[in-house]
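Read on for two forms of one protein chain; each stands alone as structure tokens, with the labels structure 1 and structure 2.
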Structure 1
């Protein structure tokens, strides 16, 4: 029998108060500031911006503080806030060839114009706890790196000169806006890229790993991975030309993938592409691998039933906010639903018991 729950509003208010106390923690410990989170937990901030589809480090840091470090909750907060913002216009496509690179590596060419820039990365560190970080007042030595203001060409351009890699797919159709329109199938490449760039990093990583293990026939090389800042331009109708309105940090990955050719195309390499806000190279590489796996149909390849090849499976399950909402709703009251199923199970058991008694009597 369903019994109405009383006092729910008071209980929820108490839960909010308790949450605020837990978020603050012991008052004898200094409170984390937004600038501290923004500057010292930068990779977490970058992930929240990327998957929240809003480039604002201060707001992302605030969301992380409010969510007690739960990044999916922080992403939820950022997306909810973004829906309240007016849109004044659209920026011009960014030119990543003009990126001021903090990090730029290639797994395909050792010597390339502009050089390899290792940049700030965990790749060459020992995965051992550094207890010096537990001591207050530690100041790292300043890194020295000569800035190169010249354009840094993309590595895939070298392969393109010999026709060894496919031309980058072109589509002048205005792309749909996934932040304002629901996802629909079949999804264009532009829509797939939007969905992947704000997809959950862990989910995308798992799918990318599956392609490397053979689920999708996707053997890839990292043609180039670059991280840096690019200028953001916006066309101002009243002025009649574009002006630079700021800079954003991006991570871009281009993979070089094997392709045996088809009836209409000679053997050549194909591309996978990833582009995300901030420094998020694991996500960018994963995105490039999955994006390439999703292109099997346009490249005339066979569908092998791999999860990463199934656009509907990938795109509908990659959004961590959608997944979180559907998952967590089951912890909310379902008293009526459960009581009906409970009564059904009791009825079935009674009928089964009656049948057993009848069979025993016979």
Structure 2
């Protein structure tokens, strides 16, 4: 069978120049700049950094511009760029207890040390379209108040003091890295956390919601949700000491979940954990719920067959770049594959006498 394999080049080139023109849109409308995207579409930038697994707001903004706002396409661009970077090392694990919190709330304690800090949240807005934003020129100013500079303690820390919640004792085992070795089952908790923090927000949200609706229910309370910046320390081998190389914004969610206990251990709450680049609390809460559901085995719970409990199902389908790569490849030419299927169906129909049936019908 002869299959034409040439001839698309001119069409492809024209498609790309048209794409560039459509991306720019009508030239009488001002062009978007990278700083505008970085500063005014910050939550989109944060999502691209989290799922692209590379913290660089300028690059994420560029990717959003290039992808015309298609965030999965932007994440794809970031992942591809990431692979070109030599890796200089790793940071010290971030100390989220030292976070300069923009937001810090607890759904379990009203009066907690450090207080409930709402931050720049959509909560309590009326979710009504604000037509004032369509008119130009608004430069609102935030209120300020004297802040105390004390470290804001983690809620789980004071539950720990009473022994009411499982501990997360410090451990310095070097973590596995799924960007270096393929993800294999069974996946350790460290590997699950890495896969979940870069997982698709929609997929993670759907799975987390399924646990709330009863598929692997674990009765989560948001013990604490905090958003803010943390200093990042990196060991510099040639100098023999670590320096703070920058600050990044993170969202952290700690859930307090249903308790376990045994004959030897009195009942204790358990925990789920979410930590995500940027300001992305929906993702962080979702991550914590799914992370907790995946811990069923180590906590001695039953496997109920719920999707969120199935590590293989969750981790192998959570990455939107893998998923979209495989999904979208089916739109690319499969002429030869299809020809062979076509031949096969014709042959089977001949054997089944379909030709005669067809003739009889006519």
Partner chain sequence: MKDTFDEKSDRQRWMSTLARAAEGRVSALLDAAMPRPGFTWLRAPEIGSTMVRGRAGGTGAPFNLGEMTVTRCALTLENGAVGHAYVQGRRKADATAAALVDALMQGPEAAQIRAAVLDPLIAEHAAKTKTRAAKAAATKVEFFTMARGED
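Just so we're clear, the structure is a prediction, and the values are computed from it rather than from any experiment. We call the rigid core whatever largest set of C-alpha positions still superposes within 1.5 Å between the two forms. Positions refer to the first chain, counted from 1.
Between the two displayed forms of this chain, it is structure 1 that matches the form predicted on its own.
If you fit the rigid core between the two structures, you'll see the Cα of residue 348 move by 2 angstroms or more.
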